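Let's start with one chain on its own, the form predicted on its own, as structure tokens.
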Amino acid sequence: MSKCEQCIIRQFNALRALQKDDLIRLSGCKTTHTIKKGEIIFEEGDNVNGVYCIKDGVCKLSKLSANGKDQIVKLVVRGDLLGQRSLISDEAANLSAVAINDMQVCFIPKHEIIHDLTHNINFSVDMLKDMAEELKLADKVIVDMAQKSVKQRLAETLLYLQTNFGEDDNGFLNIVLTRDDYANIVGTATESAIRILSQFKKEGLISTEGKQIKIENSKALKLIE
């Protein structure tokens, strides 16, 4: 089991504000978990009772709508913390978290995080900054949904994945999403997402191999309205 004070991942989140003694204390109480692709980390309505630190892998945070369709609101990646909003508000999770690929996570119990929030002002401020950034991203999603076409949102999603996850040796996006996932990110029916992706392929903007997607013309994708 890796030690928190030696873990490079903490530099990407609010845990960087903790002192060595605090990190040693966390190492003694945290648990490390391997989560397989498709496994549920927690569901909407669950009491999370702690925070997950993502050491490796990606999960999707989604909200179930009244008509039974998932809306993916965020992809949580290596270095992110997961569950802090429910912990601070002392409420059940209002989103579900599901692994997109195999993950390694560390779970830190609620009482340990609350201890650090009440005793370390730098940690509290960094946690608030992270949550403020999440709210800013949520505002952008709302504006995009209202003002941009599905075609433009899907193009921007592909470019986002290229920028944030990179490409493999063959030029395909390093993260593999289902067509349902693409639809749930941009807020449309799966059939519409498939149709638009097929149009992008026909126009030479992307190429595909199974579920894998390769961006062939990023400049043209940026110009889509």
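Note that residue numbering begins at 1 and tracks the sequence as displayed. No experiment lies behind these values; they were computed from the predicted model shown.
Same protein, other form: the form predicted together with a further copy of the same chain, not shown, and the subject of what follows.
Each of R85, S89 and G187 is positioned with at least one heavy atom within 4.5 Å of a further copy of the same chain in the predicted bound form.
For the candidate set T178, S65, T31, S198, a heavy atom within 4.5 Å of a further copy of the same chain in the predicted bound form is found for exactly one residue, namely S65. For the options M127, V76, V105, V98, the one in contact with a further copy of the same chain in the predicted bound form, meaning a heavy atom within 4.5 Å, is M127. Judged by heavy atoms within 4.5 Å of a further copy of the same chain in the predicted bound form, the contact stretch among the candidates 33 to 41, 57 to 65, 190 to 198, 164 to 172 is 57 to 65. Mapping the unseen interface onto this chain, H111 falls outside it, with no heavy atom inside 4.5 Å of a further copy of the same chain in the predicted bound form. At a distance threshold of 4.5 angstroms between non-hydrogen atoms, D46 is out of contact with a further copy of the same chain in the predicted bound form. Contacts to a further copy of the same chain in the predicted bound form (heavy atom within 4.5 Å) from stretch 124 to 138: S124, V125, M127, L128, K129, M131, A132, E133, E134, L135, K136, A138.
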